[in-house]
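Taking the form predicted alone, here's one chain by itself in structure tokens.
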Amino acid sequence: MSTDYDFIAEQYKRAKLQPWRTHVETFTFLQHIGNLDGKNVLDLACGEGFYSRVLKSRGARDVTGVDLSEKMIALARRQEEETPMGVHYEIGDAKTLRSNKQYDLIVAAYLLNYAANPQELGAMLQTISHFLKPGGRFVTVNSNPHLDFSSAPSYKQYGFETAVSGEWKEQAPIKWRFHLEETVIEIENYYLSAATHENACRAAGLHSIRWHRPTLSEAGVFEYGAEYWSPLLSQPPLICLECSK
């Protein structure tokens, strides 16, 4: 069963502030998103709007954030009211969302890993293809399908852990546990192989498929030292996927 973010919206917002998010995830993701000047952007699985706001502040002309969780969208809208940036937020399911609008760029932070099977993954990528302009790009940061999570190292020093129950195989559930000061929150997603992702991309009309391993910011090295990041970077639980229409 996938995670119901309506119950953990505030806590997950705080989990986005863990240092690995800043120095590895966000640093890598923004590198591969690249120049945003004048671009029309759709942020799928936007949560409380963290990346939607970042992309708008970095020069995107128009940003729309979409998420399945009503409470996540409520948080995003509240922050837009408090600090207006011109970001629009909608409640919607990435497997079925449709409209006539098209975008230069679609981004997603941890969307595809919620596909429980190849059919759901295909539906998400068909939605992405539907909304992309010809020549447009899709860039996502996602759970790493190249990693065997059943034998992954401990990531507890970074504020989270991963675990697999049962046999490591296609569609195996992966649990992520985030350790916050006052609580632990658990999120479940699913393993689908890199080949399954690439086949689904091609079936949706997406091409030029590229995987990008995470990289570390200079600020992260300065603040913590390179050795601190070694377990995370040598067996990274996250990865970026980029493709075009």
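Counting begins at 1, following the sequence as shown. Predicted model, so just to flag it, every value in this text is computed and none were measured.
There is also a form predicted in complex with a small molecule; it is not shown, and the following applies to it.
Note on the partner interface in the model of the complex: the residue among Ile106, Ala76, Leu125, Leu111 having a heavy atom within 4.5 angstroms of the small molecule is Leu111. Here is the short version: of Leu121, Ala94, Leu132, Ile174, the single residue with a heavy atom within 4.5 Å of the small molecule in the model of the complex is Ala94. Comment: 45-53 is the region of 207-215, 193-201, 45-53, 30-38 lying near the small molecule in the model of the complex, near meaning a non-hydrogen atom within 4.5 Å.
Three-residue candidate spot His146, Ile239 and Cys243; no residue lies within 4.5 angstroms of the small molecule in the model of the complex by any non-hydrogen atom. Contact annotation: Met72 falls within 4.5 Å of the small molecule in the model of the complex, judged by heavy atom distances. Contact annotation: Ala60 falls outside 4.5 Å of the small molecule in the model of the complex, judged by heavy atom distances.
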